[in-house]
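Form predicted alone, single chain, as structure tokens, below.
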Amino acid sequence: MSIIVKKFGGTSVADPQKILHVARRLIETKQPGEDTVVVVSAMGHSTDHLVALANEVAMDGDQREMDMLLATGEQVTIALLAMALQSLGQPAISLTGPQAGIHTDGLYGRSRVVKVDADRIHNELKQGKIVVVAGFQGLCVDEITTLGRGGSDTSAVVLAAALGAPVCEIYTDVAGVYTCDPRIVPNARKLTEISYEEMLELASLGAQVLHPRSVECAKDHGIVIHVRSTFRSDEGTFVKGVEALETQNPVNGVTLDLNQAKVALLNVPDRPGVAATLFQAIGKAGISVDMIIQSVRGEITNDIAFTVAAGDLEKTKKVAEQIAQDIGGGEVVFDPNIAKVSIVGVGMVGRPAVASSMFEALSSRGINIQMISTSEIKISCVVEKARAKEAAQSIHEFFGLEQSVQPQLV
């Protein structure tokens, strides 16, 4: 018997009617000689609702109790989907993450999976059942822990690896991975295939299709992820190894992250250890830094600018102002009205014209670039938030991403 793992996100199981739709689809698509394991998220915005409830009784509540609370969201979904399958004549059973044998490292709210004991799943599959597993959760010794937002994607890929499933199907409310968010660029093209590396960059840059940890896990274990629509039967996008892909196109996607803010420390003393002092303090405060630029202001001072998530801006202000005072720096300035636009593509390796083309696309619309960050397959620019969507549209059009084969760069 072969095994296939399918994951359905919160929008796919947002209400009883959609849960019944998923149940019917699982039955209709189940192939002879194929066992099915289904991973589901909490219904719709259930997790947000649970967080709001917690905040009503205790702001910054104990993280153990938060995990105990949040884990219930997926448990509602698995029970309802199992009952829906049973009502349609298909044997099924629901399992929590711990019951499915998912073991974690015990970090509340951000656990990582350390092993999977799949015996229970195999035993249930042998009885002809579809096994419905709660995503986002696992067990450390005798404590329930959660994997963090987007953790159900990771749960599905981890189970696929443990069960020897070569493909993990991720069902969502979009038809696949697009060259850009169709809400920003209406003529964005759905990709047939995309490499792990490109998908990992897109996910980390703000694309909401897959969680970065799930892509990383799939790459490590050689599992193909098939991103497809819950509400359509056609194929979506396959996330797979780059060796199987054509790389004639320099760019495969444009992302836009509006959840950014910029912080700058001016007139920072130019001496060893200053940057370490600043970013150690920021790290201890639990703040993740994205782009960093240090520029020379004078012979003895520098300016250090960096970006953080918009939700971390107030906390970052306090830390930065304190550090500026401690090191004898100058003014600390902030700008919440920025956005990050990025291009991603394994085909940009060895093509120096890609960066200049991106800058030309922005320049042609009179859009100023405030910061630049690059990697081997990614270029990101910080621009004014008010012109961010125009920036993404301009770049998408300039590279001809709506076409399957892009025009040659000059």
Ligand code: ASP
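The first residue of the shown sequence is 1; numbering continues from there. All values derive from a computational prediction rather than experimental measurement.
Below, we turn to the form predicted together with the ligand, even though it does not appear here.
For the chain shown alone, residue 151 is a contact residue for the ligand in the predicted complex, at least one non-hydrogen atom being within 4.5 angstroms.
Interface residue remark: residue 357 is not counted as part of the site for the ligand in the predicted complex, having no heavy atom within 4.5 Å. Among heavy atoms of residue 47, some come within 4.5 Å of the ligand in the predicted complex. Although the partner is absent here, residue 42 lies within 4.5 Å of the ligand in the predicted complex, judged by heavy atoms.
With the ligand omitted here, the record of contacts in the predicted complex names 34 to 42 of 34 to 42, 358 to 366, 340 to 348, 372 to 380, defined by a heavy atom within 4.5 Å. Interface residues of 73 to 109, taken as those with a heavy atom within 4.5 Å of the ligand in the predicted complex (partner not displayed), are limited to 74.
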